[in-house]
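Single chain ahead, by itself, as structure tokens, in the form predicted on its own.
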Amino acid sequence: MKPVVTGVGVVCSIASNVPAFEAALREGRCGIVQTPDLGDGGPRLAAPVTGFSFEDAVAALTTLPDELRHNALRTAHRSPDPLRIDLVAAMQAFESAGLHCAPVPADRIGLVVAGHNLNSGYVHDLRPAYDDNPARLPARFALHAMDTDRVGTLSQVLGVRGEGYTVGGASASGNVGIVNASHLLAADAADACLVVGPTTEMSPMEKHGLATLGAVAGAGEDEPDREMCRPFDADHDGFVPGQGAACLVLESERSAKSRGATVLAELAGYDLKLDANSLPDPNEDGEATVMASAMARAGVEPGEVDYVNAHATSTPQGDDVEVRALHRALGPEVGRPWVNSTKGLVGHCMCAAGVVEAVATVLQMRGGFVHPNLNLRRPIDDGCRFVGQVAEPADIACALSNSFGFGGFNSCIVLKRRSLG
């Protein structure tokens, strides 16, 4: 039996919770703003989380037990904000899945944090204080600097005692995490698994490195900031870094039925493959292969796909290659499904991108709409059915969500709309 999605959570530049995220997607709200020029050659645009209050976000989860919320405040009160954003997204998904009122045994819940190299910005920001006086280093620095601190903190707050770990695949990390969670369920190593797409806190050096690769968008002075991220548009020139976290609860159908959980979607298929390539350039063969294989695993024909949430970062090479791969994977049906890119609204959430976009896909599927490609004016292809600058009503029974990463990571998941009956 296929795993099902029973819970979702998200915190990003356009929303602090799932209902607000769905509303923002419908409206085509954009979280991209111009950032100060630090003279370091790094990106001048970003989609940051603003106005985040950990205490208020935890207090808003009113149906969770008081003990769990108090535990979150105690455990993470001195943690860096990126970890606290992750924790809130995971708590939202935990609440959404009803794991607090119809629980799964603690040792049958898994936890996959889908990201790596998450804390370079945290380390960089503390370096001046350390150089001035090493004694000023926070007592828990050695823990907070490690990616696994996300696993440890989330597991402590949510009482997760099953298998847990971090996984990474560059920008494909979110889908890599979803695939790994599916493996845990298929192996009967867990009944439910939280997949957390974590907030990536990059250092200025990393941001500058991405700019040096020519991967990030510039900051023009003659147009609004939001228009600088243009997936699938002829004027695209690079991605905009986004900040955010998201969480999916994947669960076996048996477990969901036994708990009476609401099923939001089915993970009907997936594929994850490498290109045997260490470079950042995308590969048409690899991308087309994972889409075709994911559909085959799901038992889905190209003519049954209603929607594609594309990886589409707004880099010319990346967008062009993905369009060619869509033509190969979908063949004559390429013009049937709606195609959009959530990155045009929230920026590229780095390791979290795949999970953020999976949540967006589930919400559009259940809400009967597709969100806009906000700045799409001159499409790079006339064969694909790109969403325009406003949302459209859409009956989505089957969707693909693509994630590709530097170093030859190709992934695609297939989500189906369904409910348990």
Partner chain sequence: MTHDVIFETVKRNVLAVLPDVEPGQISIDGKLSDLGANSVDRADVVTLTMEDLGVTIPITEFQDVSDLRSLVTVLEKHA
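Note that this is a predicted model, so its numbers are computed, not measured. Numbering follows the first chain given and starts at 1.
The same protein has a further form, the form predicted in complex with its partner chain, not shown here; the description that follows concerns it.
- Only one of 133-141, 199-207, 326-334, 167-175 lies within 4.5 Å of its partner chain in the model of the complex by heavy atoms, and it is 133-141.
- Remark: R378 does not count among the residues lining its partner chain in the model of the complex, judged by a heavy atom distance of 4.5 Å or less.
- With a 4.5 Å cutoff on heavy atoms, R78 counts as touching its partner chain in the model of the complex.
- A residue is said to contact a partner when one of its heavy atoms sits within 4.5 Å of a partner heavy atom; R254 fails this definition for its partner chain in the model of the complex, lying far away.
- Among residues of the shown chain, R74 is one whose heavy atoms approach its partner chain to within 4.5 Å in the model of the complex.
- Along 57-71, a non-hydrogen atom within 4.5 Å of its partner chain in the model of the complex is carried only by H70.
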